[in-house]
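Only one chain is shown below, in structure tokens, and it's the form predicted alone.
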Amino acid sequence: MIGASLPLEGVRRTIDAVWKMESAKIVAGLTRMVRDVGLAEELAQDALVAALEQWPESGVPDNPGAWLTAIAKRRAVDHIRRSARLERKHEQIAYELEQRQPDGEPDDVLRLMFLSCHPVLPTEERVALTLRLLGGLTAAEIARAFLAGEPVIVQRIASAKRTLADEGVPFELPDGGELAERLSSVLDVIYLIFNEGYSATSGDDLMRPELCLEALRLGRLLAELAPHEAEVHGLVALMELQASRSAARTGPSGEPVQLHEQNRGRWDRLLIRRGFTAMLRAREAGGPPGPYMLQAAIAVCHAQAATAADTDWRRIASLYEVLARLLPTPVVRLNHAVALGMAYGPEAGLAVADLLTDDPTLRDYHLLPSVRGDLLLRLGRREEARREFLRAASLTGNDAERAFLHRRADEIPAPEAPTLTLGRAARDFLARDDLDGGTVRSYGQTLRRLRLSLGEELPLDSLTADQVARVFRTAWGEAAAATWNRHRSAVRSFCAWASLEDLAAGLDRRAATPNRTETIDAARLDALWNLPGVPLRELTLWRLLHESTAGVTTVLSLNVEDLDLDDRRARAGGGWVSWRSGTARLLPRLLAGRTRGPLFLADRRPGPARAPTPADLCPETGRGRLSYERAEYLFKRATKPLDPAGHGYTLRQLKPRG
């Protein structure tokens, strides 16, 4: 024994370290034995509990990983014997499994990676399950890392295990054509974890180093298990090189430091060498470069430059051009715009960035106005740049980044002669005494979108019909006729109040399409309930709308404290909303221990500029109520493949026929 003389706290720290290193192999081996990842983790936890009970007295074994594995396998064999119906056959299986040597463990861990990142799971569940099974993190640790409630993480992990069991996902390595797709899912999950650590989407700090380290560990492990996959080494190279800049990315107060202003002497040379080595392995693996190899090649260009001025921006721009052809996402095109601006001047970059302002997927992406602000500032268009920095600040959920963007805006003097801005005019318009509550909420949705898309500080007299039309295209281009017309009427009322020309005059009023009011038929409903990867929130909302026949607004207004789960009903205004078994199975999972606040919550916490009323804010999670607009958009996007016209259905079409 190596730990007999260690104090109790030292033994517990040792157990925690051993568990983080060994848990993935133990759970993977048990999953191979019992073919149920949920049960495998329970058996592994039994072994951990045994260590916590025995090691403080007996000391840490010479080979703690082998000790834990032996105890866990013994628990598995006992379970197989207890639960077997055909006792003789199962005893034989248990005996064979007990005798099997652990030479297949590396493959088992790889199988576990593919299992926890299976596409049948929603992205947030893949991330939570991967960190739980392969990272050895507790639900509390994952919750702290993602600034989420522990019950939410527990629910995600439980839901993921249940889905894997219900879908009968095999504990096997994919082969043939499926391998590339499944491997891509694994890589995406690891890089998502890394990115959340490298540029946190919310919270006080720019970075969460523990997530970066965990993603790096998982990436290195995957590279050992799949040594001939070029994209795996490409991802590792990318993460190593990005992580090498971590110490230089923030200033003394935690504020962001832009890449060209970073002290390159603080870059970690060891991580850079590791990144270069991983890149060499990716090239040795052969084959055409994939997205991660191309991004790693861009990171290599930065790492090779001794100073910011030495950066080969033309090569970086050409690499982004190749990447954009392979992965034509708006974010890649935005990065291409940055590279073009550095290589060929701000006009070239702004020309590409301006094309992205019409892309609906970037309408609330804070880096788009941030990039445009940089380019405008370099062109001398200072007031436009100031407004873009302020707009970017209103869109980010990260406190450090918001403060940084506000500082950039404050460095540009505001106009000496104050002008009436869009934000001030909108607030004054909504504060009128002659508007009832429903009208204020309706008009407020329209004006909020204009303010987010165009900026609070936009001078009202510079607002144009073209700008309004662009907002309508990106926000409501695929909306139902009633939604489009409602927002159009709101803009016309605002213009009349502000003595502006009718900026919505060029937006034609839409006629309702009769066939859009038809309900979804049974076959397509069945296909809808079985769509893979649908988040629990959306599935519960759709089921509840279908089973209750209540209006969308009524269902979205429900609060947790109004639910009566036993009687399958909820108080809504002066009446009740009731549901059937489909909703009843989903609601407890959605609640995840919550006792107050809106039933259906938005994706993330609101920023200070768009704080909801207390009635629309969850006191336990800090998130606001899911909006009709967002719920409708998600439903249309999900149902496009089911709609013969290719437009997607509306939530109102979920009402049952007859």
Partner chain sequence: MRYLMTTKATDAADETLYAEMAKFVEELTAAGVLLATGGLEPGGVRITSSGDTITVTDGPFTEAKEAVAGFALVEVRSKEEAIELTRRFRKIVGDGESVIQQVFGP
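Numbering follows the first chain given and starts at 1. A quick note: this is a predicted structure, and the numbers were derived from the prediction, not measured.
Omitted from view is the form predicted in complex with its partner chain, to which the following refers.
Which residue among Arg314, Arg382, Arg266, Arg448 has a heavy atom within 4.5 angstroms of its partner chain in the predicted bound form?
None of the other options qualify; the answer is Arg266.
Given that its partner chain is left out here, which of Arg470, Arg569, Arg217, Arg441 has a heavy atom within 4.5 Å of it in the predicted bound form?
Here the answer is residue option Arg217.
Would Pro61 show up as a contact with its partner chain in the predicted bound form if we use heavy atoms at 4.5 Å?
Contact check for Pro61: yes, within 4.5 Å of its partner chain in the predicted bound form.
In the predicted bound form, is there a heavy atom of its partner chain that lies within 4.5 Å of any heavy atom of Val18, even though the partner is absent here?
Within the cut-off, so yes.
Would you check, heavy atoms only and a 4.5 Å threshold, whether Glu224 touches its partner chain in the predicted bound form?
Yes.
May I ask you to state whether Ala522 is within 4.5 Å of its partner chain in the predicted bound form, using heavy atom distances?
No - in the predicted bound form, heavy atoms of Ala522 and its partner chain never come within 4.5 Å of each other.
Counting only heavy atoms and a 4.5 Å cut-off, does its partner chain in the predicted bound form sit next to every one of Gly135, Leu213 and Leu271?
All of them do, each having a heavy atom within 4.5 Å of the partner.
Given the stretches 30-38, 596-604, 61-69, 615-623, which is the single one in contact with its partner chain in the predicted bound form, using a heavy atom cutoff of 4.5 Å?
Only one stretch qualifies here: 61-69.
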